[in-house]
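Single chain ahead, written as structure tokens, the form predicted alone.
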């Protein structure tokens, strides 16, 4: 999938190719857990790993890439500026350098602001620093996470390059049509996390019925839904069998059940949701 940054003139800048499917490593802070998961994912054929400073596992991601023997250029790495670190221009530059150091890499493929900086006064300088990281080649692409439509609209007043993605919770129970449209209108792609609503919906009886009709697992239905909606999709798992099962979601044809899946929408937010903050 191609991502790029829209300029105020409406042009595209810094285009980059991103694998539409990847492994999320949220909540993998036990020693060795993240490294093992990344190694298993790379072995299964994954080419995109999504981490963040706040996950405290960037170093294990970097170690796994090195130990796997795969070429750095053949793996796409996403990481994020911690919200508590998004407090100004210089701080943002320093934390980007720190993530590079922890990953032990010369560049990051995609660097995201993990959530809108809590102080609105910090939002412009933080983004200008993100743009500097992009221009310096420290990162190949920049984006945001957990931004709402109002946050994206406000960025148009100060961004030289709009975000190429907005990573938000997205799944059959939280389809966010207005936010999805706002993201696409800004020239960005939706990056979907928590395709199973943090596991809250894995036992949804309606989902189970859909999966039974399709001959796949409920998790595969939810993951493929995000993917088929055009979202970059990053389910997390540290279970080797589940890592393979999740990747196999891409082979499932859910088209005949799309109406039933769309009907699961209930605006269900499973956890953190800064998109609605001022």
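Numbering follows the first chain given and starts at 1. Treat the numbers as computed from the prediction; the structure is a model and nothing was measured.
Keep in mind that the form predicted together with a small molecule is missing from the display, and what follows is about it.
Engineer: For the chain seen here without its partner, which of 118-126, 86-94, 134-142, 193-201 has a heavy atom within 4.5 Å of the small molecule in the model of the complex?
Structural biologist: In the other structure, the partner sits against 193-201.
Engineer: So in the model of the complex, is the small molecule close enough to residue 55 to count as touching (4.5 Å, heavy atoms)?
Structural biologist: Result yes; residue 55 sits at the interface with the small molecule in the model of the complex.
Engineer: Tell me, yes or no, whether residue 237 is in contact with the small molecule in the model of the complex, where a contact means a heavy atom of each within 4.5 Å.
Structural biologist: So residue 237 counts as contacting the small molecule.
Engineer: Indicate whether the small molecule has at least one heavy atom within 4.5 Å of a heavy atom of residue 228 in the model of the complex.
Structural biologist: No, residue 228 stays farther than 4.5 Å from the small molecule in the model of the complex.
Engineer: Considering non-hydrogen atoms and a 4.5 Å limit, does the small molecule approach residue 43 in the model of the complex?
Structural biologist: It does not: once the small molecule is placed as it appears in the model of the complex, residue 43 has no heavy atom within 4.5 Å of it.
Engineer: Of these, 64, 219, 252, 210, which has a heavy atom no more than 4.5 Å from the small molecule in the model of the complex?
Structural biologist: It is 219 that has a heavy atom within 4.5 Å of the partner.
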